[in-house]
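Just the one chain here, the form predicted alone, laid out as structure tokens.
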């Protein structure tokens, strides 16, 4: 068997394993963020509770995908790019899902039924970040469209900057106008978790930018 044949024996399997898992994880995060936006725009408590349950189920699905990536790392000798970057990207995408669920859980547990413009805006920005993350991840499998990946990463950074501004403005408004201390704490925590979800999108973008540099 030639050296090239041996190499080809390993490579297709790797491509079939890791990239579909990344795409599934990113698509799952988009689905969660989409439901979150639907939740904060719903006036029906029963509908919101059902949507919260859907987010929980999707987060569990995301955990399973991430675990599968880790298992495949242990089983495969050849990987499409650095093992550390595979681990970091899987973890970053999982973190996006975790913080989306974290925000949803707090909304449910704190029995928030009045979602202000800041919560809605941060939820929308989280969705925008997740969508750009999914676009970039789908281009990783062959690295032919590097410009597209880089552009999505830039847009994710822009989303995170917008989220920082919205969060700062929201917290300022809370301290200026909210007179109920318990309500202030609840809203501030939810806003913080939502803003962190956009930070996690940026972390994933940073990993992909690192991959681009290493494989240029």
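Remember, it's a predicted structure, so these values are computed and weren't measured experimentally. Residue numbers count along the first chain shown, from 1.
One more form of this protein, predicted in complex with a further copy of the same chain, exists but is not displayed; see below.
Residues of just one listed stretch (184 to 192, 145 to 153, 24 to 32, 41 to 49) have heavy atoms within 4.5 Å of a further copy of the same chain in the predicted complex: 184 to 192.
For the chain shown alone, residue 168 is a contact residue for a further copy of the same chain in the predicted complex, at least one non-hydrogen atom being within 4.5 angstroms. Proximity of residue 67 to a further copy of the same chain in the predicted complex falls within the 4.5 Å heavy atom cutoff. Proximity of residue 105 to a further copy of the same chain in the predicted complex falls within the 4.5 Å heavy atom cutoff. Using a 4.5 Å cutoff between non-hydrogen atoms, residue 109 counts as a contact of a further copy of the same chain in the predicted complex.
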